[in-house]
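Next comes just one chain, in structure tokens: the form predicted on its own.
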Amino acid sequence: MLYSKLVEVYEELEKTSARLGKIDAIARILKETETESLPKVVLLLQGKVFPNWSEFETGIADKMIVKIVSTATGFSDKEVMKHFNETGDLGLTVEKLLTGKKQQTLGFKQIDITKVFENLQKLATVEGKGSQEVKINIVKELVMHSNPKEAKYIVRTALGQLRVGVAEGVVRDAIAAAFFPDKEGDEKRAVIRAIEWAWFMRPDYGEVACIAKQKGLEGLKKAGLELGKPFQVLLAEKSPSLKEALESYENAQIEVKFDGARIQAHKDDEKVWLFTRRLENVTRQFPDIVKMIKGGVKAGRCVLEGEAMALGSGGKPAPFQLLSQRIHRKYDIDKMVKEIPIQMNWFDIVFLEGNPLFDKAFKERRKMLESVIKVSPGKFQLAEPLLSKDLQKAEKFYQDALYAGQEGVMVKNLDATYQPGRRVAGGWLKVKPIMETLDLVITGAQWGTGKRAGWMGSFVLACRDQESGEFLECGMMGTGVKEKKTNERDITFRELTEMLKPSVVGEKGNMVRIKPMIVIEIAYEEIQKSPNYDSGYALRFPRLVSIRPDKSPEECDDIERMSKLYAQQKGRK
């Protein structure tokens, strides 16, 4: 399929804000796409060349694209930057400059989707000396042989800034419309549930679209776990209080909510894979956990869930920030294993010896979990349960968890099945001391002055619009970040700046635009209505509570939750 065909759809998507219009446009191209190209087309429609769980990324920033546009159009870097400052969009910039370029058609030839997709994927594998020049040439080849509109979307895709408003829910419904066009009412809802299920098991809508086209509804329903690939885990809802959480279930089990990283571990005899809640493959970063699983899990083939926790002096729990150093470390792994030992606390099992366990009640899964774990106290163990609805006992358990430096407790329904990818009130509830925090992404920053010179000093916060997939700004935060580290939990301006630098996609004056990558937990005094931010809301006195590397940008709080909290505060109805 020619890339120009996809560009026509991009143009249509960009012009319509109506959800049904977007679904119809995507469904049409999915129907026309050959099966072998379907995974590529679905990813490209979302502005991606890798599924969410992939460890690869293109690694392209604005400065590289400026050089590419300059070379492809014949305009100087300065002229390209002038146009970029006017539009704020390098895609529009290259389109405008190519449109005005003399003899532009001489270099133009029709390019297909496979060429665009494979070139952009190559960017992730280029490393070492001279890698920047190689990346520039890879993208430049595409731009040089594209017409202006094609170049616009190639540049946007390379930067991860497609801007056509295609959220995951839109893709899901487009797959239903493309391959099950005659379904209506309850039948259509059943199709949507089946597509969703397949995506929970295989978090890549490209693969899901292939299953829908080739195997139909039954194929989607039968989509299961694949050892070595992550699935979308069950999510917990927040409870206003421990009392309310206990009253929610007839049969409840209370567990510690650890201040660690949720891990799903896949074991296929001697092969072990570890994935985070964000579906990141962290097997290489945790050889000690792999070794413990090989020696401490009696099952041959299984998928376990647990919490990895860093241990400090005396074997006491260490802050999550310490553990995150290991999650993101690519080198000197053996050194980190010695410096930051890990404790594994297992709390669930969803697959055992070829059998999925999602439809089993939690009390049954817990027994199976207990049967396969060889406990090594303080190192490789089961999450300690409290089987009681006595509020006094539960409160003591909760306070003990907080005293030990943990986040709080989980209250779990013993009779509930496991529902991947969902926050289910019938499943798990989490209880923490501060219930009204928001998990938001950083989408921009302002360079600091005075003592903060050289660091980013204040940060633009954004929530997510689930319909469009866009991030909507809702405030600026500079409080809670420290100038100097006084304890292990502190995050300094220097540290946060270093975390954000790889995600910088543009600068204008003292403001920096940042690709949404880092999720942070934010406390605040109040949510206010505000015309100054595109969310329509502003946080009053926001402050940093913690970094949330366990969450992806897509999992940050959405505008709907912002609206609910706004309505709840001060008794608003």
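Just count from 1 along the sequence shown to find any residue number. Bear in mind the structure is a predicted one, so any value in this text is a computation, not a measurement.
Just so you know, the form predicted together with a small molecule exists too; it's not on screen, but the next bit is about it.
Listed residues Lys140, Lys432, Lys188, Lys482 were compared with the small molecule in the predicted complex; Lys432 is the one with a heavy atom within 4.5 Å. A single residue from the set Lys360, Lys221, Arg277, Arg172 has any heavy atom within 4.5 angstroms of the small molecule in the predicted complex; that residue is Arg277. The stretch in contact with the small molecule in the predicted complex, judged by heavy atoms within 4.5 Å, is 406-414, chosen from 406-414, 456-464, 69-77, 471-479. Although the partner is absent here, Glu307 lies within 4.5 Å of the small molecule in the predicted complex, judged by heavy atoms.
Although the partner is absent from this view, Val256 contacts the small molecule in the predicted complex, with a non-hydrogen atom inside 4.5 angstroms. The small molecule is not drawn, but in the predicted complex it has no heavy atom within 4.5 Å of Lys515. Interface residue remark: Arg262 is counted as part of the site for the small molecule in the predicted complex, having a heavy atom within 4.5 Å.
Three-residue candidate spot Phe347, Ala383 and Trp428; every residue lies within 4.5 angstroms of the small molecule in the predicted complex by at least one non-hydrogen atom.
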